[in-house]
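Heads up, the chain below is alone and in the form predicted on its own; it's given as structure tokens.
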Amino acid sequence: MFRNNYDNDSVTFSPQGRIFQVEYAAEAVKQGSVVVGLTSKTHAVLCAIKRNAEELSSYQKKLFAVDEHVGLAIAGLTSDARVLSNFMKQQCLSERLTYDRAMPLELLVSLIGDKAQLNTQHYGRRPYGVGLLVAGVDETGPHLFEFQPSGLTQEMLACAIGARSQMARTYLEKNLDQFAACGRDELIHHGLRALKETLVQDRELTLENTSVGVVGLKELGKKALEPFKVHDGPDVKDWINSVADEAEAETSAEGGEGEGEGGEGMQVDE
């Protein structure tokens, strides 16, 4: 795309004050498959749709464990995501070695934000073409953070990034008030429902293309940690089936209402 040579590097502003390299990186996030994150009082959940480049290839991994108390989901360039996830792992290991404690979530996300923003200040570098949802638990409870290629990081109650993510955001906004009181399985159920909203008509959630990551507290008010774990394949079967069964029930209920209305109309005509 021709931008009058204002997009050759990430340190040159256009006359309108835009950095096109950052915008291109954000576009890479929009082209990635969708990931959804949401939190309750006890758990943080990440749900992702995996893609395969062709029928003969395996599905691309979307969820990564960083430490026992934190994990992340990616949308965009996987190679850039691995650079950032490895950096986060190093920081967590350093924190445990130096201070014998888990890395504070807000500090960890701030560090990757600074690392990404640094690339927009030095000639010859480029922004990371990946967006992250970072879910974890600290002494105050579960948290969810969004990372953008510009270096912007912010805490979210629920979030979706990637292709067709606006449909998932709409579902999350409608049901946001319910999340705080949800248990682990119910929160996962909401995440998969939001994920399902983003699918085109001929696709469904399957064991091969769906991943779920969960971290949380075993009991509200207790500090017993439920470590971050990625669930793939048979582990997500029951959750996917429950979402499918609910969708079928809603469809049949709508059909029943339509028949009832038709029946009433016939009685009035008689």
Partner chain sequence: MAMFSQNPVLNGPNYSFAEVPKDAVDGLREHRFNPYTDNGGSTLAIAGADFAIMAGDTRLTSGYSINTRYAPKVFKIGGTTSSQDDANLLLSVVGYAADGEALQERLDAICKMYRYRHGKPMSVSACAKRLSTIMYQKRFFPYYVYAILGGLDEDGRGAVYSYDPVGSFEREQCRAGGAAASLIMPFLDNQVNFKNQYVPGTGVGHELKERERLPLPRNEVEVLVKDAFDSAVERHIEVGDGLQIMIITKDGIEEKVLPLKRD
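None of the values given here were measured: they were computed from a predicted structure. Positions refer to the first chain, counted from 1.
Keep in mind that the form predicted together with its partner chain is missing from the display, and what follows is about it.
Of the candidate stretches 156-164, 188-196, 89-97, 127-135, only 89-97 has residues with heavy atoms within 4.5 Å of its partner chain in the model of the complex. Candidate site formed by D7, Q21 and A26: none of these residues places a non-hydrogen atom within 4.5 angstroms of its partner chain in the model of the complex.
Remark: Q148 does not count among the residues lining its partner chain in the model of the complex, judged by a heavy atom distance of 4.5 Å or less. When its partner chain is considered in the model of the complex, D235 lies well away from it, no heavy atom lying within 4.5 Å. The shortest heavy atom separation between V230 and its partner chain in the model of the complex exceeds 4.5 Å. Interface membership of E68, defined by any non-hydrogen atom within 4.5 Å of its partner chain in the model of the complex, is confirmed.
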